[in-house]
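First comes one chain, alone, set out as C-alpha cells in the form predicted alone.
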C-alpha cells in the first residue's frame, strides 16, 4: 500500500500533466526512491492511482532502465553498453566488476552492497568507457580506476 506521503507526491506530479498516466515515470521514481524498487503490489497501487492498466505501467517500468522491478543492493552500478564504450574497453571494466564482486550483470553481491546492471548508453561517448554509480557518472575508466571509484561507496 502506498504511503500518504507517496500518494501526495504522486498527486503533485499528476497535477502537472493533462493526463494522469503521463506522470507514470515520475510516480515510479517517487515510490522507488522511498522503497528501493517497485514490487508488484506497488505497481498495482500506482496503476490504480493513475487510472491505467497494470500491464501498461509494467511495460513502462520494465522498459525504463532506471526503474528496478526486483530488489537491488545499496548501490547500483550501471555499466555503459554503448558501441563507444565497447570500442574503448568496457569489457575490461565489466570483467573487473565480475572479478571484484563475483556477480554477473543483473545480480547483487552476497552482502547486498552492489547490484551491477548494463545500461544502453550514458551519453558520454567522448569519455568512454563509463559507468554510473547511484546516479554519479564515472568516465574515462580503466580497470584500476574501477576499484578507486567503488571505494567511495561503503
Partner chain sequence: MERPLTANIRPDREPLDIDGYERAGGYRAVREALQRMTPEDVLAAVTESGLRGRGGAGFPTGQKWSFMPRGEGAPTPRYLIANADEMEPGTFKDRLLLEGDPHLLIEGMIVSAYAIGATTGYIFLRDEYRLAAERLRRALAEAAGRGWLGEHILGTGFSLDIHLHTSAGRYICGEETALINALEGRRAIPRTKPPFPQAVGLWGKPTVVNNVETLCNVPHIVNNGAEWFKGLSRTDNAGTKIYGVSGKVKRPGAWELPMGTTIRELLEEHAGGMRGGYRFRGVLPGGASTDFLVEEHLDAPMDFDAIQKLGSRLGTGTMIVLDDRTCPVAMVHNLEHFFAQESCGWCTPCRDGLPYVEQLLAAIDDGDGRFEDLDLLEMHTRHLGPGRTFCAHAPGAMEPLQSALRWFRDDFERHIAERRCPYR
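What you see is a predicted model, and the numbers here were worked out from it, not measured in a lab. Positions refer to the first chain, counted from 1.
Unshown form predicted in complex with the partner chain; subsequent notes refer to it.
Trainee: Even though the partner chain is not shown here, does residue 45 get within 4.5 Å of it in the model of the complex, heavy atoms only?
Mentor: Flag for residue 45 set to no.
Trainee: Look up in the model of the complex whether residue 54 has a non-hydrogen atom within 4.5 angstroms of the partner chain, and give yes or no.
Mentor: Judged by the heavy-atom cut-off of 4.5 Å, residue 54 is well away from the partner chain in the model of the complex.
Trainee: Would residue 21 count as a contact of the partner chain in the model of the complex, using a 4.5 angstroms cut-off between non-hydrogen atoms?
Mentor: Residue-level check for residue 21: yes, a contact with the partner chain.
Trainee: Is there a non-hydrogen atom of residue 110 within 4.5 angstroms of a non-hydrogen atom of the partner chain in the model of the complex?
Mentor: No.
Trainee: Note which of 49, 125, 117, 103 lies within 4.5 Å of the partner chain in the model of the complex, where distance is taken over heavy atoms; exactly one does.
Mentor: None of the other options qualify; the answer is 125.
Trainee: Within 4.5 Å of the partner chain in the model of the complex, do we find a heavy atom from each of 2, 6 and 38?
Mentor: No: none of 2, 6 and 38 comes within 4.5 Å of the partner chain in the model of the complex.
Trainee: So which residues in 60-85, when you check the partner chain in the model of the complex, have a heavy atom no farther than 4.5 Å from it?
Mentor: 60, 62, 63, 64, 65, 66, 67, 81, 82, 83, 84, in sequence order.
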